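Before any questions on binding or motion, here is one chain by itself as structure tokens, the form predicted on its own.
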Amino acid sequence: MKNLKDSNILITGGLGFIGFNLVLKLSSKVKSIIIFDNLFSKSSKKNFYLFKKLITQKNIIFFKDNILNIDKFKTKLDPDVIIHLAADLNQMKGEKNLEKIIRNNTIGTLKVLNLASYLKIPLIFASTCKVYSNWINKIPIIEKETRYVWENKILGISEKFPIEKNLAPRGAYGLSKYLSEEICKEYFCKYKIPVIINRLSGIYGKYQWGTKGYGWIWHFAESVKKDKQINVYGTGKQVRDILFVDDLVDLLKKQTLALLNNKFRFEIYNVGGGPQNTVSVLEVINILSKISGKQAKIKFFPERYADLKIYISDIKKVSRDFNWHPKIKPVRGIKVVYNSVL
């Protein structure tokens, strides 16, 4: 049986939010970590500074380049598994430049799959719940004081929720990930590359350095702490299940080990906090107000294109397959984020 300590792991976007948390938790448990990051995003720039100060292990190798160029390094890379996290996350800018986000996210994933095919190794791909499109908004809802709820008491959206025939927008980011998933399927069918796809929902935590375009819980925490205005799009009653990044890292470790031991060929999972860890935008602001003792400054704007009124992950499949359950509840996690804001 293969184990992590004898394995080399390639993490694309390894200095981004999820990637950096994964590097910190995994670096002492594996043979080597190969980080590939272009240091373009706010989070990767800040984390690179911390990376130089915190990471002293000699088993970490760093390549600075665009994901579109990763195939140029194929003779220099010798990983056993790829965890593909690199992505253009800024949905607001993506709507203004669809070509750029498709190139970075979809063609970037194609390049990573080419590498996996060349090396004959498995891949974990970070997708998004936004692949389901706002067809989900057709599910009847009830509007309550601080949140929307599903009228028929659905616990969550499962992997069986149809996505192929939905004539509804996904937004630029969701579209780029949907196309990436289809390419993952093709590479599995044609080249037998084992792939695990995680459709992520509401990931938050330390080292996120969120902005208006992504990382909304961090961005809200920073805005409250620094007495800045919070822009709320729509009513603020939109609901998400949220997952603290440490819980996600625990799952990625389990998935990596499973792929190393050939336990999975191709699987898709909805990965979030699940029905037990849901919050609305307004509820997060209220939690932050209680933590800080400050009254948040809020300004409302029209809802964003292709936004979902409610998205809650049904995580039964991933919980069953990996004996995994989220441990960190929203109030605790949001407090950690607030205290992490500099």
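Values in this document were obtained by computation on a predicted structure and should not be read as measured data. Throughout, we count residues from 1 along the sequence that is shown.
Another form exists, predicted in complex with a small molecule; not displayed. Remarks below refer to it.
Based on heavy atom distances of 4.5 Å or less, which listed stretch (172-180, 148-156, 260-268, 224-232) is in contact with the small molecule in the predicted bound form? Answer to the contact question: 172-180.
Listed residue (I102, V131, L89, I124) with a non-hydrogen atom within 4.5 angstroms of the small molecule in the predicted bound form: None of the others qualify; the residue that does is L89.
Sort through A116, I196, L85, I217 and report the residue having a heavy atom within 4.5 Å of the small molecule in the predicted bound form. By the 4.5 Å criterion, the partner-contacting residue is L85.
Hey, in the predicted bound form, is Q255 touching the small molecule, heavy atoms inside 4.5 Å? Heavy-atom contact with the small molecule at 4.5 Å: absent for Q255.
Since only the chain is shown here, I'm wondering whether I67 would be in contact with the small molecule in the predicted bound form (any heavy atom pair within 4.5 Å). Contact check for I67: yes, within 4.5 Å of the small molecule in the predicted bound form.
Given that the small molecule is not shown alongside this chain, does L39 nevertheless sit within 4.5 Å of it in the predicted bound form, heavy atom to heavy atom? Taking the distances in the predicted bound form, the answer for L39 is yes, it comes within 4.5 Å of the small molecule.
Residue-level question: is P326 within 4.5 Å of the small molecule in the predicted bound form, judged on heavy atoms? Looking in the predicted bound form, residue contacts with the small molecule do not include P326, since no heavy atom lies within 4.5 Å.
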